[in-house]
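Only one chain is included here, represented as structure tokens and corresponding to the form predicted on its own.
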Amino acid sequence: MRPSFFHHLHPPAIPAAQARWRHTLGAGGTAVFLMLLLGVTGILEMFYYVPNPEEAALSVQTLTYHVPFGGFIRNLHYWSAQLLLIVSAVHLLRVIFTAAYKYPRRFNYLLGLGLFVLAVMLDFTGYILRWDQGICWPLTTGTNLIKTIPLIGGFLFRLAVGGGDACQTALTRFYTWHIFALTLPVVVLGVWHAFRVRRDGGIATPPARLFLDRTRIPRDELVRREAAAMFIVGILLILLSVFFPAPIAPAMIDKPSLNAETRAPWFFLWVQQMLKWGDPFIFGVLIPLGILTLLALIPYIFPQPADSDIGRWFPKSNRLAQVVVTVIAIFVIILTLINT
């Protein structure tokens, strides 16, 4: 069969051992599929969404309850966004736990981490675009945290929100962030990330001189496996979209009262829990940024994995990085569960 464009996105052949599902978990390809699905469903939603405070929530309700298949499209968009964060986190952990970040893949590791951060920001801005009574507390808290940053907090707040009361004026600014200012960098970094993966030979493996198993699979087989994975993920998303509707609440007519029952979106529950401990800047800004910085520096400050360990799960040569990342993951998960 003559190779198609999609075939040429893959190396001609890759080692069979590192191509197994139990090695890759299918996370990278699944993340790309979810991003494409989010783009398509997001464009469809734009035909009905009205980005002004008076009509935004009403337009979401119109799309959900009155447009044919509108509720299904919105549910598909919502669940794709939630699953993208989970899959991206799994992909990040897989890269670290298989020592796949070693030079020359260090920079591409940073690109992938940047994509994960942008995905979180896109999910949060999309959450705000509902503009219903459930979003005011997370919006107010999140934007007020920006103000706590010394020297540049006020500037960043005006850049993010535009000034004034976030629950009154921020919708248009967040719409712009969601549709343009975050989506365009995701596209650029996504293409760059995929190019670097392709240029570096695909899946991270030991140098050829250290191969114990030289069995390889052609890219036709890899594409077939990816298509099967997309089919399975697609079925899962359809089931979630049919049986578990995306959250929807009454429109935010006036600024609602903020009470103890109001919660941040699930991916920021760990930060919400830390805010109960004390200073907002320390627990809401400094610690999350410290964790992100530590993750970014893993390929540069931690002991480098041995060449023979690349592409193996939990190798001894990068045990310190594994321990640090495991502690961070457990910390985030426990705080999230406590606040659930």
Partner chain sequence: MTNLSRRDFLKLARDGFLWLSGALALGGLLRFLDYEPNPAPKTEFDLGPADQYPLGSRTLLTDPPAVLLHTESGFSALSLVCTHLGCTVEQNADGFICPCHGSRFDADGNVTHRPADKPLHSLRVEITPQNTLRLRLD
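Predicted model only: the values in this text are computed from it and were never measured. Residue numbers count along the first chain shown, from 1.
Form predicted together with its partner chain: not shown, discussed below.
> Could you tell me if D165 has a non-hydrogen atom within 4.5 Å of its partner chain in the predicted bound form?
Looking in the predicted bound form, residue contacts with its partner chain include D165, since a heavy atom lies within 4.5 Å.
> Tell me, yes or no, whether T30 is in contact with its partner chain in the predicted bound form, where a contact means a heavy atom of each within 4.5 Å.
Flag for T30 set to no.
> Applying a 4.5 Å heavy atom distance criterion, does F180 contact its partner chain in the predicted bound form?
Taking the distances in the predicted bound form, the answer for F180 is no, it never comes within 4.5 Å of its partner chain.
> Does T141 reach its partner chain in the predicted bound form, with heavy atoms at most 4.5 Å apart?
Yes - in the predicted bound form, heavy atoms of T141 and its partner chain come within 4.5 Å of each other.
> Does the trio W270, I287 and A296 actually contact its partner chain in the predicted bound form, every residue with a heavy atom within 4.5 Å?
No, none of W270, I287 and A296 comes within 4.5 Å of its partner chain in the predicted bound form.
> Using heavy atoms only and a 4.5 Å cut-off, determine which of F314, W277, Y65, Y300 is in contact with its partner chain in the predicted bound form.
Comparing distances to its partner chain in the predicted bound form, the residue within 4.5 Å is W277.
> Between the options Y103, F231, F155, F243, which residue brings a heavy atom to within 4.5 Å of its partner chain in the predicted bound form?
Of the candidates Y103, F231, F155, F243, F155 is the one lying within 4.5 Å of its partner chain in the predicted bound form.
> Within 4.5 Å, heavy atoms only, one stretch in 125-133, 245-253, 157-165, 184-192 touches its partner chain in the predicted bound form. Which?
Of the options, only 157-165 has residues within 4.5 Å of the partner.
> Judged by heavy atom distances of 4.5 Å or less, which residues of 302-321 approach its partner chain in the predicted bound form?
Read in sequence order, no residue approaches its partner chain (within 4.5 Å, in the predicted bound form).
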